[in-house]
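Presented below, as C-alpha cells, is a lone chain in the form predicted alone.
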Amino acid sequence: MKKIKILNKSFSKPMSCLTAYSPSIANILDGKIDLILVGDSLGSTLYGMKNTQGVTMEMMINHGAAVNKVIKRSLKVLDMPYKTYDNKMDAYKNAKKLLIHCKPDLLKIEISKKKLVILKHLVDKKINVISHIGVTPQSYNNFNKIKIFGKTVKERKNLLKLAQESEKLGAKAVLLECITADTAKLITENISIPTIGIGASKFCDGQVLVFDDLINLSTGDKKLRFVKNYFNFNKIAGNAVRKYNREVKLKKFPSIKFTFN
C-alpha cells in the first residue's frame, strides 16, 4: 500500500470515507473515519430527486456549513453541484463560495477530458480538488442507465489517461466510481495520488459509501452491487416507532417520569 498524503495528513492503510448531510450524522462519523463527504447524493437521499442534477449551490452551502460546524478531526470533502463548474470563471466563483461558507479541505468535481481545463484552473487558484472519474452521476438524467466502465481496452486506456492527467494537473486524489477491478488496480498502480473507490474493488487506496446505504436507512431503492449494509437502522427504528405508538395509545407515555409537576 502506498503512503498516502492529503493536506499533510498521512494514511498507511486504506482510507475510509462516508457521506454526511447533517451535523448529527457528521458528529457520529468525525474521527472514526478519514474523510467525510458532503455529496450531491443528498439530492436523491434527502430530497427524493431522481438524479443529482437538481442539487443547487444553496443546498450544498446549507448542508456543507451545517456539517462543518461539528467536524474537528476527519477531513472534509464537498461536491461542487451540477452546472456550477462548466467554465473557468463560474468554477472559481462557485468554488470560492463553497470554501467561504463551508470550509471544506477538498472540493470534488466530476471530470471528463473537457473538464481537465477546469481542474487545472482550480488547482492554479490553490484549491484542493478530488477528480471524480468513471461513472459521473451528474451526467445522467436516469440512474438506471448507469453502466460499469473499464470493460473494454479503450475504456481502460481512457480512464487511466484521465487519472494520470488529473494527477499531472494537481488533483489531490482520484475517485473511481463503478469501474472494473482490473481497471481500478491498473489506475491505482500507475498514479502516486490516492484512488478512492465506490464500486471499484479493494484495489483502491480508499473506499466511500453513502451513510444511508451503510445503515440501510432507505429500503425502497434498489441497492447497487457495491452497497453493503452494516446495520439495519430501518428495522430497529421501525420497532421503536411501533412501541412509541402503542404506548401513546395505551396512555403509558408520557408517564410521571416524563411529566413536569
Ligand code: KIV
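Given the structure is predicted, the values throughout are model-derived calculations rather than measurements. Residue numbers here begin at 1 and follow the sequence given.
The following text describes the form predicted together with the named molecule, which does not appear among the structures shown.
Contact with the named molecule in the predicted complex, defined as any heavy atom within 4.5 Å, is confined among 113 to 121, 143 to 151, 174 to 182, 161 to 169 to 174 to 182. Within 4.5 Å of the named molecule in the predicted complex, a heavy atom is found for all three of Asp40, His132 and Val210. None of the heavy atoms of Cys204 is located within 4.5 Å of the named molecule in the predicted complex. Shown alone here, Val67 lies farther than 4.5 Å from the named molecule in the predicted complex, counting heavy atoms only. Interface residue remark: Leu29 is not counted as part of the site for the named molecule in the predicted complex, having no heavy atom within 4.5 Å. Not displayed here, the named molecule is approached by Ile198 to within 4.5 Å at the level of heavy atoms in the predicted complex. Residues are counted as partner-facing when one of their heavy atoms sits within 4.5 Å of the named molecule in the predicted complex; in 52 to 87 only Asp79 qualifies.
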